[in-house]
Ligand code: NAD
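Take a look at this one chain, the form predicted on its own, written out in structure tokens.
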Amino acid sequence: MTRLTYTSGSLDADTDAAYEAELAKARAEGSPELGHWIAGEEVAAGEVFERENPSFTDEIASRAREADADVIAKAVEAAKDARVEWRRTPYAERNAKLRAAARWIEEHVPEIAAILSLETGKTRIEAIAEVQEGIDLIETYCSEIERNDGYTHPLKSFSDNEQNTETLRPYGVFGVIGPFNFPFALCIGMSSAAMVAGNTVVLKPSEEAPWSAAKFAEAMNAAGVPAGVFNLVHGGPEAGKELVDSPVDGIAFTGSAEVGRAIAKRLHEGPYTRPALTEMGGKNPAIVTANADVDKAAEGIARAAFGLSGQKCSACSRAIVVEDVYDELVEKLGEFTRGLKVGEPGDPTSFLGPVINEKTVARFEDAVEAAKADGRIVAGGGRPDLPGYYVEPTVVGDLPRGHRLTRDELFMPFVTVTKVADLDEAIEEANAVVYGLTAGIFTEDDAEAEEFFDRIEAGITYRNRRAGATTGAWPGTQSFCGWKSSGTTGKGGLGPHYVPQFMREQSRTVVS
């Protein structure tokens, strides 16, 4: 099987064929009526809801049952019942179970990738790479707890008969709420980090992609993870609210800033504060200076803006360009964008698939009207004649400084280009939003790059990345941390500081 990341690798003929066969099968059969997974058993409770295929909206992609308060209470109780035994399980044994799940996933890559394409409209390379990312997230977090020997360290002692150590211990039960855009990898990432640390988990995936998350539950079961350590409940916003309001010991969340801040506020209420680990999107800029390779910049911006139809937290939604190269950049970005094919995931030449739902289409159409009124559409702005939620990748220039299209997170294939006088003004414009997730710069000047890295308010930064100006972070290669309204902890996933956030410190003094 071909190994991909979001910025490297290509498919071989066997992988292509396997994916296409699984996608055809998934389209023909759809998912079963997915139940919840609680205490090691499937629970068929709640009304069935349907998820349409965004590529072919007359087809149903998946069906699942809506969890009510009683179902979520049972899942949380199962996690509580399992937490003591799981935290007392040596981390090497916990890792062995999670790595067994990763091996099961590796044996089912084409099947899971096809389900991801069916539910989210991802192209084949994006879908296969996401499954690989899930595998690598498990390995990254297992390796981190091994590298830190379970996060237990000796401390100084002032007498021979006194031994002092400090250790990190799990909180107990974590609720995990996943997004639609990376419904497999990010549900795995948050859940596996919690479990590596010794917590038990109740996962509520996005209602847009229940089937892909159910495959993760299948992997946990196949790996022999003890009953109650991992639990899965399906449903929409009400189910998520019930989970946040339940007696869990913490929440890990990926989604909008509005919802993430509400979760953090809720967990800070009550008799004591509980951790809310959130990743909450961005309005990510790519700066292009007068010393940039403009061809490299145009391609890097387009790939970052339009991969996954712009529905990445890290998508480039703003190009900020020094006036000396503005016209050249706009021309080349428009040209590159017009060469990108929009199509369904089964077409191997598609660069973009559909957006996730009708609400996103409406948001796109509203943005296009605003761009026509206040700026200039350089490329795109329309809808292809295809049987799904398809929109054209769109480039907009000449908007007034501070326009809402340059400030609001849109989450679709739409990028604005803003002209500035120099690097100083470019950095000020880049930082003039409430978000601080990713940012990139294109410059061949080392001093300019250093100025950017020093002043930019973003947790993930790139220089001269043609494969994706602001996108493509990978477990163990780039950490994924949001500043400002993009996160609540100042530390993020994929890197060395994530797993400890699922634990709290305890100092131990033993006198003999």
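Sequential numbering from 1, following the sequence displayed. Small disclaimer: the values here were computed from a predicted structure and weren't measured.
Just so it is clear, the following notes concern the form predicted in complex with the ligand, a form of the same protein that is not shown.
Q: If you check in the predicted bound form, do Ile320, Gly381 and Val420 all have a non-hydrogen atom within 4.5 Å of the ligand?
A: The answer is no; none of Ile320, Gly381 and Val420 reaches the ligand.
Q: With the partner left out of view, is Gly236 within 4.5 angstroms of the ligand in the predicted bound form by any non-hydrogen atom?
A: Gly236 belongs to the contact set for the ligand.
Q: Contact with the ligand in the predicted bound form for Thr200, defined as at least one heavy atom pair within 4.5 Å: yes or no?
A: Residue-level check for Thr200: no, no contact with the ligand.
Q: Taking heavy atoms only, is Glu429 within 4.5 angstroms of the ligand in the predicted bound form?
A: Residue-level check for Glu429: no, no contact with the ligand.
Q: Hey, in the predicted bound form, is Asn221 touching the ligand, heavy atoms inside 4.5 Å?
A: It does not: once the ligand is placed as it appears in the predicted bound form, Asn221 has no heavy atom within 4.5 Å of it.
Q: Considering the ligand in the predicted bound form, find the one stretch among 137 to 145, 407 to 415, 321 to 329, 160 to 168 with heavy atoms no farther than 4.5 Å from it.
A: So the stretch in question is 407 to 415.
Q: Looking at Gly240, Pro110, Gly250, Pro210, which is the one with a non-hydrogen atom within 4.5 Å of the ligand in the predicted bound form?
A: Exactly one listed residue reaches within 4.5 Å, namely Gly240.
Q: Exactly one of Asn95, Thr289, Thr394, Asn181 has a non-hydrogen atom within 4.5 Å of the ligand in the predicted bound form; which residue is it?
A: Exactly one residue meets the criterion: Asn181.
Q: Sequence order please: the residues of 191 to 222 with a heavy atom within 4.5 Å of the ligand in the predicted bound form.
A: Contacts from 191 to 222: Lys204, Pro205, Ser206, Glu207.
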